[in-house]
Each structure stands twice: as C-alpha cells, then as structure tokens.
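Take a look at this single chain in structure tokens; it is the form predicted alone.
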C-alpha cells in the first residue's frame, strides 16, 4: 500500500497541473482578434525543415510555393524565411520542445510551413521532451487542426476540425508514476476550448454550403470530459439552425469511415484532440496514405501548416530521402495559400495534386529508386498547375 508521502507527492503534482490549466482557462476568456491578411504586408512565411525527410520535402514544397507566388515575392508582398534549429538534436541539447531562439523566430512569421519532427518516446535514447507540434500549438494557441480529405470519384469530401490544445495532448508529458505499479496521465477539456473548435466546424459548414456536422466523443464512457465536449456541441448547434448535427462515438466512427455505403453521408467533423489524431490518419489512409494529406493548425494570430506523417529516419539512413513524397506538405501549402488570401491559387494546387497523385499518375513515387524523386514530382505538379486545361483534366476524372 502506498505511504502518505507517495500520495502527497502525487497530489502536489496534480495540484500544479490544475493551477496551470486554470490559468489557461482565464487566458482563453480573452478575446483576441483574427489576423486580417489583406492588411498585412509583407506576409512572412517561415519554413521549418524538422527531422529526417522533413528538410527534403519542405524544401520542395517551398520551391513550388515560391514558383507559384513569384510575382508576390518579387513585389515584396510575400517573404519566405528559413528557420533553423527545430531538430531533435537541438531540442534535446536545449531540453526544450521548441528552443527559445527558435520560438522567437517563429513568432516573427505570420504563418509557417513545417516538416515532420521526431517526438521522443520512452526507451528511444532521447530525453523526455514534449512534442514540438504540441508545444507549438500551445505556444501560438493554434487551437484548430484542420484536415481535409477528398476523393471526388468516391463522393468523399470530409473536413475534420480537431481540437489542438487540450485533451490528453495538453498534459501528455506531465503524467506521473505514482508507484512502480501505478501510472496516471491526465485528460483536459474546457468549455472555452470546446466551444471555439466546434464553432469553427459549424462556421466552415455554413461557409461551404454543408449541412451536417458529426461530433465525435466517447461520452458514454468518458462522461465528464467527453460529456462536456458533447454538451457544448448542443449549445453551439442551437446557433446554427440550418445545420444538422449528431454525436458519434469514436469507435463506431472508425468503422463508418470504411463503410462504403455510409461514409459519403459525412461532411464535417469536430473532435477532441486524441480522437482527431486517430480518425484523421484513418481518413488519410483511405485517400491514399498519410503522405497524401496535409494539415492546417489555425489560431487567431498565427497559423502553421504541416505534413501529417512522421520523419522517416530510415529513409535518410538508407540514402533514399530524395525519393520522399512531398505531397503531404505541398497539400498543406495549398491550404496555406487559401488561408492567407490566395484562394484560387491554392485550389489549383489542390487540383494538381489530385490529378498527379490520384488520377493520371504519369510519375509515381515509391520512396525508392523504382520511382521518381520529390523534385521530379514537384516539376510535374508545377507544370500541371500552369496548364490552362487543369480544371477540365480534373473534372474528367471526377466525373468518370
């Protein structure tokens, strides 16, 4: 049986977490205005290579974006800035998820394009530092993780609004081994955090002509935190009378996404952090793999766009990094273009990714010398975006 000191130590640890989270709730109550990119000049885009294949694919994505934004770069409307130091080696040396000098550079940018970063796990030799992604989302208050998955030929057009700053991820590195037999982690859900992500999902549905939002929880089992998320959804839903919504449990929804008879019914999803991580990877796999999907992390002041897959260190070790598929981070770049006001250009890049990656496949990436390099695929994409017949090419495959 645990002695009094063990229990008191655990109470003290939990008390510190409660203090941090209650302070965060107070910050969430402060109304921060959204950045108006129409009034920003220049728009500064930071590029973070990350780990493993990250620098290879982000460099290719940057090359494509700079090509598409050549006029804006030449006239000073857009500036690209390379930010060094978000590597696992530097983060481990500084014992910080994001070293202070790197974070300062990130905050000088309006948006960032980010490659995958390695998150240490127990036993892998790296110190127990928080995920760089999680830290960036919290530091910049990037509360909305937006992941679209579209397979037009199959009638799939999903947009996931995953809450980014709460749930298990909020304090995932602050769990405690109470004794050698008992380990406890913590799950955090707030009214304010739930409301803004659910509102963002409903607002997206309204803006894009969608009429259905699925709220994903496990509120039948995780009654307090997931129950709060579902209760907030009821209140938000009342403000959108033209949009129908339903609550779904995470386990059955994972089955629904692979149910070809039902999955076309879904349009917009709002989810707590962990469930969103799981479901969006499944959805990306249905689209063609996690390498085909991009991700936006949106806050009122800042935004970060990234690939959703890992850093693939084995590819670097085996000398295959030049064959890494840049599609995920390029698709994130297309989302970034739309976010900062270049809507049509972003949509054309998305069409080109569909045509090149899902339909025509004139150049195929295999991750090895049996396929093309990332640079060759990038050239294919740029030529496709520039084609005046792009929309017709895209439509012929969608309607086939």
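Just so you know, these numbers come straight off a predicted model, no measurement behind them. Residue numbers count along the first chain shown, from 1.
The protein also exists as the form predicted in complex with 3-isopropylmalic acid; that form is not presented, and the subsequent description refers to it.
Note on contacts: among 202, 275, 169, 266, the single residue with a heavy atom within 4.5 Å of 3-isopropylmalic acid in the predicted bound form is 169.
Interface residue among 254, 285, 131, 159, judged by heavy atoms within 4.5 Å of 3-isopropylmalic acid in the predicted bound form: 131. Of the candidate stretches 215-223, 182-190, 161-169, 315-323, only 161-169 has residues whose heavy atoms lie within 4.5 Å of 3-isopropylmalic acid in the predicted bound form. Taken together, the three residues 60, 112 and 331 lack any non-hydrogen atom within 4.5 angstroms of 3-isopropylmalic acid in the predicted bound form. A residue is said to contact a partner when one of its heavy atoms sits within 4.5 Å of a partner heavy atom; residue 91 fails this definition for 3-isopropylmalic acid in the predicted bound form, lying far away. Interface membership of residue 173, defined by any non-hydrogen atom within 4.5 Å of 3-isopropylmalic acid in the predicted bound form, is ruled out. In the predicted bound form, the residues of 137-167 lying within 4.5 Å of 3-isopropylmalic acid by at least one heavy atom are, in order, 137, 147, 162.
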